[in-house]
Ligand SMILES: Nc1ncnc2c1ncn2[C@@H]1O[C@H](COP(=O)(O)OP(=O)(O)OP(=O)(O)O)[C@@H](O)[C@H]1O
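Given next, in structure tokens, is a single chain: the form predicted alone.
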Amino acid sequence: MYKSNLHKDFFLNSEEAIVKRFNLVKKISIEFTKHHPIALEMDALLMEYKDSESNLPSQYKTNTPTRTEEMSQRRYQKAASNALTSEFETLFNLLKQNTLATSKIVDEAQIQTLIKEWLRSEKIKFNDLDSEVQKRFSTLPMTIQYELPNKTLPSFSKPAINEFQQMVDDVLLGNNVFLVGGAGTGKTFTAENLIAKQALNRPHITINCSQWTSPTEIIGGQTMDGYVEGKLIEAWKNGWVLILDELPKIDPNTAGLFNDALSKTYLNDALIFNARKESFTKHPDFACIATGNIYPNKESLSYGANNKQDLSLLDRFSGSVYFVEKNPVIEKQILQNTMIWSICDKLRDAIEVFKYEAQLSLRFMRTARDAYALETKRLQTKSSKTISANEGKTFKSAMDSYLSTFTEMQQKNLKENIRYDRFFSSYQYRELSIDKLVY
């Protein structure tokens, strides 16, 4: 009846998917002894597979499925789905027969036990799920874990950054990473928190670059309080992540002090020297991540404090430059206040539409959120000794302070765009839910 049973050795030595199909036929046909329509259909599919494999010389076989194989695959999936349904029907028929034979009602605990026992041997796969259920699972945060030789890093939720895996891979490969993006797009947060802290579980040390950044801060030097070791040296010998925040703002001559170290990031046991000419061996965990508003191969009108850097420095980041844009998903995760975020995002869009020379950053969003939390706490505290919520720092006062940096005409245009009078004139935003979008 079942032809596949006659070729058991062939199927059991085939690829995993074929072995599973053969075993399923064997199970639902009860060791090939029971006439089962679904098992017979799957048996026919197995024989089609064997015939196609047997008739084709091995040197001409390919992993690319033919149209016939694709049709067979779809027929198999349908048969497997029917088999799954059949298994449940068998289970409930047994329950029904048991009830009729014993005149006893099978309770919920018995049903749960039977189903659990069945699931131990027959696992439900992702493809068995309804398409809507599959879609929901696909949108859940992904937990990832990096495993390195002799080291296992902590698991964490993968952030919603398209190139995040590439950034981390670069660091692990010993490449210097450069994150480029406008003010407030989360470059520093990505470097310090998402990559160094969460993905790699490494301490970091930051050099805030400017025209005043001195060699002492980088490679060490003598101060009024004695000799101070440079941050580059500390990170190099201790295995910390060195964050060069706003790298393009540093004086190009001073930036040259990074060249030697950054050319050796990928090397094991590489040496660099501090201001005292003392040598230090590179720790295996040392890494460097730079951030900047522009890629510093040219001057910028929008970011005037940035300097065009020497090509030798830029070459240290070659192939590991990433352009970071505003990320609503991460911003909302950080703020945990959808109402505040939506108003700030609306204002940010208006600034871009009007092409005003200004930036609304994540820093301002956090300021606004914290001000809102403070005023909310004061509103909930009814005491004569407590400062009035309207007198202290509020979301409205934070917004007014930000808008005051624009001209009167610009303020008028921005307020109309975000419907300022509707939400801020009498603190009406206090009546809105923090979990919902305003616009």
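Predicted model, so just to flag it, every value in this text is computed and none were measured. Note that residue numbering follows the sequence shown and begins at 1.
This protein has a second form, the form predicted in complex with this ligand, left out of what is shown; the following refers to that one.
- Comparing 253-261, 359-367, 233-241, 307-315 against this ligand in the model of the complex, the single stretch with non-hydrogen atoms within 4.5 angstroms of it is 359-367.
- In the model of the complex, residue 274 stays away from this ligand, with no heavy atom inside 4.5 Å.
- A residue is said to contact a partner when one of its heavy atoms sits within 4.5 Å of a partner heavy atom; residue 220 fails this definition for this ligand in the model of the complex, lying far away.
- Looking at residue 213, you'd find every heavy atom of it more than 4.5 angstroms from this ligand in the model of the complex.
- By the criterion of a heavy atom within 4.5 Å, residue 341 is excluded from the residues contacting this ligand in the model of the complex.
- Across the proposed site, 184, 330 and 334 without exception bring a heavy atom within 4.5 Å of this ligand in the model of the complex.
- A heavy atom within 4.5 Å of this ligand in the model of the complex is found for exactly one of 168, 177, 194, 207: 194.
- Interface residues of 240-279, taken as those with a heavy atom within 4.5 Å of this ligand in the model of the complex (partner not displayed), are limited to 246.
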